[in-house]
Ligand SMILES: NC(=O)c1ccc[n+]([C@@H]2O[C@H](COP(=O)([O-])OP(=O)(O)OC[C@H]3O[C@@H](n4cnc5c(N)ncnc54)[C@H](O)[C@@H]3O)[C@@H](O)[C@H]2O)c1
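Listed next as structure tokens is one chain, alone, in the form predicted alone.
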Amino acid sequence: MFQYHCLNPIADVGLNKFTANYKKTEEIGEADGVLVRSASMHDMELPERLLAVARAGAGVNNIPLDQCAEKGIVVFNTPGANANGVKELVIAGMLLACRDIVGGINWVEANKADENIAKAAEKEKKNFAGTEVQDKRLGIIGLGAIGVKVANVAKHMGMEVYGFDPYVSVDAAWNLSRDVKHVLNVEEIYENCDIITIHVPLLDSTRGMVDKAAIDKMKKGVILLNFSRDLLIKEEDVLEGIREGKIRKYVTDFPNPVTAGQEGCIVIPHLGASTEESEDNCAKMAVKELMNYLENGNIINSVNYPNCDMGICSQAGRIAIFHRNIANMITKFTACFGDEGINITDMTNKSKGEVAYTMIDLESPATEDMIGKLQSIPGVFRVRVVK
């Protein structure tokens, strides 16, 4: 019997995927797995029993990834599950920026008591005139699940689309319209595009990547869209760009004191993935990942450990070893089994940065003594008996 704990409300359509072998607990200290959306885990004490954290969403900046890795706690996310919801809001944000729809709606609200509002509107509407997106150049920084969907829709809207992503995946490349111009330097996006949207994860290498130096390279009157993370952009530099007329509009899905209520900014209250469909998709995917790991030891869509899949174990035993990615570890592991006379029937070892994950199937169950020997090897974080 496995137990799971929810740090945030998780859609029932996902929780209903759990079988009778799973029980929900209100105490995180009793949980084998945790499901989370936006709750911060950085100040939490991680229980020794905890095996995995599944984030029902893409961003994981609310989870202490390194701490989890060193405790042998696998952190999952759900890439692509909310991509359609975010894509639709990106397109909406682009249209809101090109056409002063919000300004027009606010004018109507302010003049709702005017009996001649229809006539007045004909005179005032020129103040809210905008531009069409057709034939404009759209630059997309990051061609992941969301960026690809935005690119393909934009092509259907008659836009000229530039895409930049030096690490584009094979799946993304297959799904990307052949008409998208894949540029090799982000400066080409800055220099050529009328509208720029950013879709990259928040990493040390991407934090503040759009700053004054980047903005200075952009076309005058550029529209900038940010539906990824506010810290990707130095927003004080964006406000300066708006005041100087360099940036026409800044659309962001991340309210904060810097941009809220500022002229030239359209600030949306983090609605990107806030649709019933996105929340359902993320919940179902997170539960599926968690169950596969708890039952089989398989890792799919982890952000702190490598993907590793050996299917369902048909042997007498399976163990998983979390360890540092250093030389000679496999030799030490196999020596432990050889000393005990236990035969290894299958094994896989994968690494991700400084950490690695090894799964081993055995002809007979691992003994407590053997687990203790493995655990005592320098560089081993955790040894888990899967079966």
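From 1 onward, residues are counted along the sequence shown. No experiment lies behind these values; they were computed from the predicted model shown.
This protein has a second form, the form predicted together with this ligand, left out of what is shown; the following refers to that one.
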Only one of I242, M209, V133, V258 has a non-hydrogen atom within 4.5 angstroms of this ligand in the predicted complex; which is it? M209
Within 4.5 Å of this ligand in the predicted complex, heavy atoms considered, which of K234, K155, R229, K288? R229
Within 4.5 Å, heavy atoms only: does Y162 come near this ligand in the predicted complex? no
Interface membership of F254, this ligand in the predicted complex, 4.5 Å heavy atom rule: yes
According to a 4.5 angstroms non-hydrogen atom cut-off, is L176 in contact with this ligand in the predicted complex? no
Indicate whether this ligand has at least one heavy atom within 4.5 Å of a heavy atom of L96 in the predicted complex. no
Only one of 114-122, 308-316, 142-150, 210-218 gets a heavy atom within 4.5 Å of this ligand in the predicted complex; which is it? 142-150
Sequence-ordered residues of 193-215 touching this ligand in the predicted complex, heavy atom within 4.5 Å: H199, V200, P201, L202, T206, M209
